[in-house]
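Just one chain follows, in the form predicted on its own, and it is written as structure tokens.
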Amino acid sequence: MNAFTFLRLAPAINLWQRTQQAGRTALAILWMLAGLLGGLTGWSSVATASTAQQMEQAAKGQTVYFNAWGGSPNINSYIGWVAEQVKARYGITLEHVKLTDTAEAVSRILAEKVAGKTAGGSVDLIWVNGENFATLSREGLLRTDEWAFDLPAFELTDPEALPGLVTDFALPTEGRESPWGRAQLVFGYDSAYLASPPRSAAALKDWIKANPGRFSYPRPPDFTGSSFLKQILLETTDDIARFQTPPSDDADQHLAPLFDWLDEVTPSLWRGGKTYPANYTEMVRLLGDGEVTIAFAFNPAEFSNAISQQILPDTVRSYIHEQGTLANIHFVAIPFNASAPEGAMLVADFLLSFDAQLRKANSEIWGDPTVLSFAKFNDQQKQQFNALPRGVASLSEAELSPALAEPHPDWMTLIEQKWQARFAQ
């Protein structure tokens, strides 16, 4: 065994020891070893294929309860397609547990832990954002091995080019969640009524005050509503780097510009700021009904999708602010007590596969930008992505630049608490 081979084997041996101590199944250990040994030549691809087949055998017949937000018809339809695919490919039954707030599932997992339910949990796979990931990690509710890094499809990503694949809201993922899509806050407006939209927090404030009743945002703690507050925070602060670390005693001072902005615009919001849309889909419908002039979503293809569904007129266009807009990568995670961990891993791997990512990036289906690396595609795969319909209101990759990094998740929690105390009716 040469030195290079030993260095590649060392993490695998260590992981073998740790997983034995934790009592994990031999099949899971084999799959993790295959991922860590992927850099070895000669037999690595054979080993990966062999252990993947073993994992498929273990997962066959399992039912995976995928807890994911259920508020968007096109996303629900995509997950339905995923269910068809994993049933045909692996014999797995995928049940989409539709959530209005991911915190529902997080609370359920926590309650199971408190009750001592260390196996047979009700959640097998969960769609999480950075705030949820922080909570799940802090409470010890996730698998603690690096299972996500060992998925065969993870080889199609490039964490060096896209660091957000291994950090979530400034927290290292440590392989405890698997990426499956990119998101960025995008604004939409009806060009038939608004020639030039406001492209900064300051300009938006002035526009709202000059056009009372024509703007709103989803009520926090809705994810998109809270994300809008973070967008305004990052645009109004003079110390954006401060938000990459947790809040401290000076938090109120750093949040003051945000709440000053909100104090000024709230009386001029839709319905006088006394009520808010429940989520971004409701806000987009308000745009389609002509009740508001500007809306926003965390999906760059949202407005094109809504046009194709005749929710919005074809005069709606997308834009981002001049300083950029908030962007992140979303993930799926496996709870510590999942009933079908093998099936959940296979579903996560399929979500990250080329076929699933290609379909997800289609603006006529979802339009979620891929997390895969174009540099790792062959010519045919590149052509397939380049041929995807973009939609009349979708922005190109160049038009989505620059992107703003998510703050540390504790800021989101604090902002939501202070918003509730100040503006909740």
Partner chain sequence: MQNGVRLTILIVLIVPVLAGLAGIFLPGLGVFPLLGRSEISADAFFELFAQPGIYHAICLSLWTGIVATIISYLLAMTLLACLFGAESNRWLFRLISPLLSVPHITVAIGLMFLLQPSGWLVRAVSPALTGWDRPPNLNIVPDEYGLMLIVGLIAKELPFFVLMGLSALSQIDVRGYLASSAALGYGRLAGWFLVIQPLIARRLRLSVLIVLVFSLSVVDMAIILAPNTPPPLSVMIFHWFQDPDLMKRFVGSAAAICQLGLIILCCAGWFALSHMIGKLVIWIVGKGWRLGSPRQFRRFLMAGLLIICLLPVCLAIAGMASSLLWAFADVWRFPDFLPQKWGLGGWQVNSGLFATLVMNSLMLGLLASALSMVMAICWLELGSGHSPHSKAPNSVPAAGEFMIYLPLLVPQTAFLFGLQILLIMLKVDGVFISILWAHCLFVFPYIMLSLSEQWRQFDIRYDQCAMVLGTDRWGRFWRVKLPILGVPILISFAIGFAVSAALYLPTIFAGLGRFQTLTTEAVLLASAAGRQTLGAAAFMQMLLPLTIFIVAEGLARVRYRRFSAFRL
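These numbers come from a predicted model, not from an experiment. Residue numbers count along the first chain shown, from 1.
The discussion below concerns the form predicted together with the partner chain, not included here.
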At the 4.5 Å heavy atom threshold, is residue 81 in contact with the partner chain in the model of the complex? no
Using a 4.5 angstroms cut-off on non-hydrogen atoms, would residue 350 count as touching the partner chain in the model of the complex? no
Using a 4.5 angstroms cut-off on non-hydrogen atoms, would residue 276 count as touching the partner chain in the model of the complex? yes
Is there any non-hydrogen atom of residue 65 lying within 4.5 Å of the partner chain in the model of the complex? yes
Joint contact, 100, 219 and 293 to the partner chain in the model of the complex, by non-hydrogen atom at 4.5 Å: yes
Based on heavy atom distances of 4.5 Å or less, which listed stretch (84 to 92, 180 to 188, 136 to 144, 242 to 250) is in contact with the partner chain in the model of the complex? 136 to 144
In this chain shown alone, the residue from 288, 197, 175, 324 with a heavy atom within 4.5 Å of the partner chain in the model of the complex is 288
Only hit among 71, 159, 152, 257 for heavy atom within 4.5 Å of the partner chain in the model of the complex is 71
Counting only heavy atoms, which residues in 306 to 326 are within 4.5 Å of the partner chain in the model of the complex? 309, 310, 311, 312, 313
